[in-house]
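Here we start with a single chain on its own, the form predicted alone, put down as structure tokens.
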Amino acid sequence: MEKESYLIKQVSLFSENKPGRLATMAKAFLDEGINIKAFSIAEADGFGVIRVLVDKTREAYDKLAELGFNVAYTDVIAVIMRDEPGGLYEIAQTLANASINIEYSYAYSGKDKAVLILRVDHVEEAIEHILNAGFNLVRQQEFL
């Protein structure tokens, strides 16, 4: 099992929580032809954390750094879940049974599938348990 093929590079940026910061990021992605596949915004004490999955990870990182954003990569996994009541529970319970902590998550749902993006404390173990429980993971190449 090639666990590393399931590791997805998420671009995280930290910024003051003020008008125009999201627009600046979005405009930079537009200018560079970078497609956002999923994103999340969280706020704490006047600062925001924007987490994005994009088709051109390196270009996104470089452009945001060039614009002065504090940028980092984070490894996440993307689990395909049932898009109906109980879908989230099945995945959360699988990880809980394996004593794997979910540090944060966000999700998206489209015509074809619902996907749960997870940052966990033991990513390789999480991949193994999720696959052994019969779930499917999205491979990094599917975001490119």
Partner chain sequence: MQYWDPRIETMPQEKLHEMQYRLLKNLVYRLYSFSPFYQQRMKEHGVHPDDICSLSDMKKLPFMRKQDLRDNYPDGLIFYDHEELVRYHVSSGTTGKPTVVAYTARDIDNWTISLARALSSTGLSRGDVIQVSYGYGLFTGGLGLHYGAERIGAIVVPTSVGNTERQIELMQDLRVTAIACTPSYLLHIGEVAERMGISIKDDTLLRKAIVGAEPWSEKMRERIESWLGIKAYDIYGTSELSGPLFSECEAQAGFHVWSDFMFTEILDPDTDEPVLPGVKGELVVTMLQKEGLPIIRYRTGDITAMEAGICSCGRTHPRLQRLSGRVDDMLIIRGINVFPSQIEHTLLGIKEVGEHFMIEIDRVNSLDDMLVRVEITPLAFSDKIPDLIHIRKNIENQLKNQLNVSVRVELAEPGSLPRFEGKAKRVIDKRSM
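Numbering follows the first chain given and starts at 1. Just so it is clear, the structure is predicted and the values come from calculations on it, not from any experiment.
One more form of this protein exists, namely the form predicted in complex with the partner chain; it is left out here, but the text below deals with it.
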Exercise. So in the predicted bound form, does any heavy atom of R21 sit within 4.5 Å of the partner chain?
Worked result: yes
Exercise. Is L30 close to the partner chain in the predicted bound form, meaning a heavy atom pair under 4.5 Å apart or at it?
Worked result: no
Exercise. Is R119 a contact residue for the partner chain in the predicted bound form, using a 4.5 Å heavy atom cut-off?
Worked result: yes
Exercise. Using heavy atoms and a 4.5 Å limit, would one call F39 a contact residue for the partner chain in the predicted bound form?
Worked result: no
For this session: Have a look at A92, A107, V49, I80 for me and say which one sits with a heavy atom within 4.5 Å of the partner chain in the predicted bound form.
Result: V49
For this session: Specify the contacting stretch among 107-115, 30-38, 92-100, 64-72, defined as having any heavy atom within 4.5 Å of the partner chain in the predicted bound form.
Result: 64-72
Exercise. Three residues, E84, I127 and N136; all within 4.5 Å of the partner chain in the predicted bound form via heavy atoms?
Worked result: no
